[in-house]
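The chain below stands alone and is given in structure tokens; this is the form predicted on its own.
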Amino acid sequence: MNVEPLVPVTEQDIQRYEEDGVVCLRGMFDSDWIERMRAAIERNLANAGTLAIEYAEGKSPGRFLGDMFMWTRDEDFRAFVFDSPAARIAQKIMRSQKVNFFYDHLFVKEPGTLVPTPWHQDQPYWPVQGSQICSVWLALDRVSRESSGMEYVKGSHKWGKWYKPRGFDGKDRYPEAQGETIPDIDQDRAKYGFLNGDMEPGDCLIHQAMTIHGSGGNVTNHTRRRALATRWTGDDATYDTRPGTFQKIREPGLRTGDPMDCEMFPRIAT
């Protein structure tokens, strides 16, 4: 299993991330990682954690599962955090001296699951401030727009807007959260530039935490969409105790303004 990215992260990749808010890097994880994490995901699907949410429950055929903090209870997810190329990719893309692991987030959208992933920014959900905050979204299946491939609003991380988080299942899970209501992106698509594309297993998307993104349902009848998103913070990130952020597996023992270094958010690369 590769520890370093199979393909070097280039200055052009970094500049694209900085300008667009997202970059797709091809073939960064070897087949051993893909097979190991597929097996780990199957175990999780059979025995999801306490923070798991069935986003399609009561709304759609199929299954759309989200789960978090798998690394705290599964050795394969933990190995991915500490031993895979993900931390080095995040460190390079963010031009950061150090990288802290924030948390892992699993998304499985089975064939025929019509529930979309709503347009959103990540950072309003999270108890963290700063600009060096990103996600590495690893494809574990072939991904197309039809199978619920991710779509990004180009440059939206530069809008200076903070949009209120909302539950992917349509529930108001963040009543104390602050922010504007996100605009109806789909009703005015001509107004925006979009970035999307097909992916192969081992490809990954790296997006900045304020970039607006979402995806449609998985309208295929044969293609699963399994994706593992790992979240990373860099030099300028600090903890934020504001109300209205997501539920954590436990409290990290940090105060507002503290650096992210702690047992719950370990420093992986320096």
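Residue numbers here begin at 1 and follow the sequence given. As the structure is a prediction and not an experimental result, all values here were calculated from the model.
Not pictured, yet referred to below: the form predicted together with a small molecule.
Residue contact check for Ser215: one or more of its heavy atoms lie within 4.5 Å of the small molecule in the predicted complex.
The closest heavy atom approach of Lys98 to the small molecule in the predicted complex falls outside 4.5 Å.
In the predicted complex, no heavy atom of Phe102 sits within 4.5 Å of the small molecule. Within 4.5 Å of any heavy atom of the small molecule in the predicted complex lies no heavy atom of Tyr163. Here the chain stands alone, but in the predicted complex its contact with the small molecule, taken as any heavy atom within 4.5 Å, falls in 221-229 among 221-229, 237-245, 42-50, 24-32.
Only one of Ser156, Asn196, Gln132, Thr117 lies close to the small molecule in the predicted complex, with a heavy atom inside 4.5 Å, and it is Thr117.
Of the listed positions (Met150, Met94, Leu140, Ala87), a single one reaches within 4.5 angstroms of the small molecule by any non-hydrogen atom in the predicted complex, namely Met150.
Within 4.5 Å of the small molecule in the predicted complex, a heavy atom is found for none of Arg36, Phe77 and Glu110.
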